[in-house]
Every structure is written in structure tokens, then in C-alpha cells.
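Heads up, the chain below is alone and in the form predicted on its own; it's given as C-alpha cells.
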């Protein structure tokens, strides 16, 4: 039978294995962000003059969702299924001159988050949506976030963005770096407490409990960071309607 000391060291090995795996995954995400930053190349600002889409839309980002009934409330919980972007074409004002843009589907439209959430708040009759959400197929909808005449955009082909993509990448890289440093320091702090002598004394036991808490919490936190750095054209929208149809975030 293994002694308490051996079991304790085995537990610490699991904690540090998890810490290194999470750090490695975060470094991989950081590398993806670096590649995206290089791909951005020259970013230029422009103002949409005209759009060839419906209601003067220049481009649009779409999120296809399915809603499932939630009895408490009651409500409709939305789950994202697919993401897509489309450039309808039109004209842009760039540096005092007008540039014509042709339609394209091989683009990535980055919407402003606030506008996207606002558009998802209003999608018709709640009672009808709730009835459909209770069926096997669920309640299907598509949330469209258009870029229209007068909107300011940043273009770094194939990205057309309602936000500065350089600033977005910089913020997300800082977030990932913070996560890497914080999770390693947290593992080190928990380990230091767990190794305070006498082993399995009051302080060491607190450290052991914190190591367990770290092990249980670090993966969900890592998943949150991973989701937070999804590009705006692929960012989860999700959401939930509560009667009388207000989207609760």
C-alpha cells in the first residue's frame, strides 16, 4: 500500500502535468494569434459609402442558431451551429477617394460585439419560438449583423472588420500571456503550501486542498480563455430568451 507521502507526490505530479498541458495549449493559441497578426499586414481604415446588399448592406456576418426550451422561466436557450460571412460589395471611402469593391464569399466579417448582441435580442414572437423550441428540431434562427453605409471599417483582406483587428489581437495576446503566467504561479503557490512541514499538518493540508481546487478549476478556466480568443467572426453568441422575449446574457 502506498504511503501518504507517495500519494501526495503523485497528486502534485498530476497538478503540474495539468499545469504544463494547459500552458502548452495556451502557447499554441498564442502562436495562432501571432500568425494572425502577421497575416493582417497593412490594415487600412475606411468608411462604407454604399452597399449592394439588402437595405444597403456592404457585408454581413451570420450565426445560425437552434433554440431549445428551458422550463424554468420559461425560456429558450440558444446554441450556435454555424458561422458565415458574405461581402455584398459596394464602395468605400479611403483617404478621401472612393474605391469600388466587388462581392465575395471568401471573407471574414468581424462584427462589433455590442451590435451583434443587440440584434440577437429581438427576433419575433416568444410564444411561437418557445413552442418550436420544445420540438425535436428546435427553434431555428439566423442572427445577421450587417455593415452598412456610414459604418467605419478596418480592412486587411480577407478580413472586413467593424473593430480595429490590430487592437483586438493585441488584447487577446495579453489575455493569453496573463493566463499562462497566472496559472503557473497559482500551481507554484499551491505546491509551496502543500510542501510546508510538517507534511499533512494544517498548512500543508490547506495546500493540498488548494491543489485539488486548482486541478478542478484550471481546465474550465482554460476553456474560457480559449473561447474568449475566438475571432469575432467565429465568437460564440449563444444567449437565452426569457418571457416576454428578452435575451439574458
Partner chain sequence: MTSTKQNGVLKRSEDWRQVAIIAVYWALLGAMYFVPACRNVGFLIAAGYFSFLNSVVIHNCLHQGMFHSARLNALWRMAISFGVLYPASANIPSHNLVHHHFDDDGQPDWAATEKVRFRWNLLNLIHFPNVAGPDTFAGVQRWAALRGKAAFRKQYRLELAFAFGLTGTLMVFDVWTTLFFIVIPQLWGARGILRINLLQHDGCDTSSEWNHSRNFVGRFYNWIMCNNGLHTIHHNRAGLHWHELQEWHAREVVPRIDPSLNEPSMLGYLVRICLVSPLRPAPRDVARAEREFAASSLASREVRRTEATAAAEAM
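Residue numbers count along the first chain shown, from 1. Bear in mind the structure is a predicted one, so any value in this text is a computation, not a measurement.
What follows is about the form predicted together with its partner chain, which we do not show.
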Contact check for 10, 32 and 215 against its partner chain in the predicted complex, heavy atom at 4.5 Å: yes
Region of this chain that lies against its partner chain in the predicted complex, out of 54 to 62, 37 to 45, 23 to 31, 181 to 189 [heavy atom, 4.5 Å]: 23 to 31
4.5 Å heavy atom contact, residue 154 and its partner chain in the predicted complex: no
4.5 Å heavy atom contact, residue 83 and its partner chain in the predicted complex: yes
Partner contact for residue 228 in the predicted complex: its partner chain, 4.5 angstroms, heavy atom: no
Partner contact for residue 69 in the predicted complex: its partner chain, 4.5 angstroms, heavy atom: yes
One residue of 121, 113, 171, 134 in contact with its partner chain, assessed in the predicted complex (non-hydrogen atom, 4.5 angstroms): 134
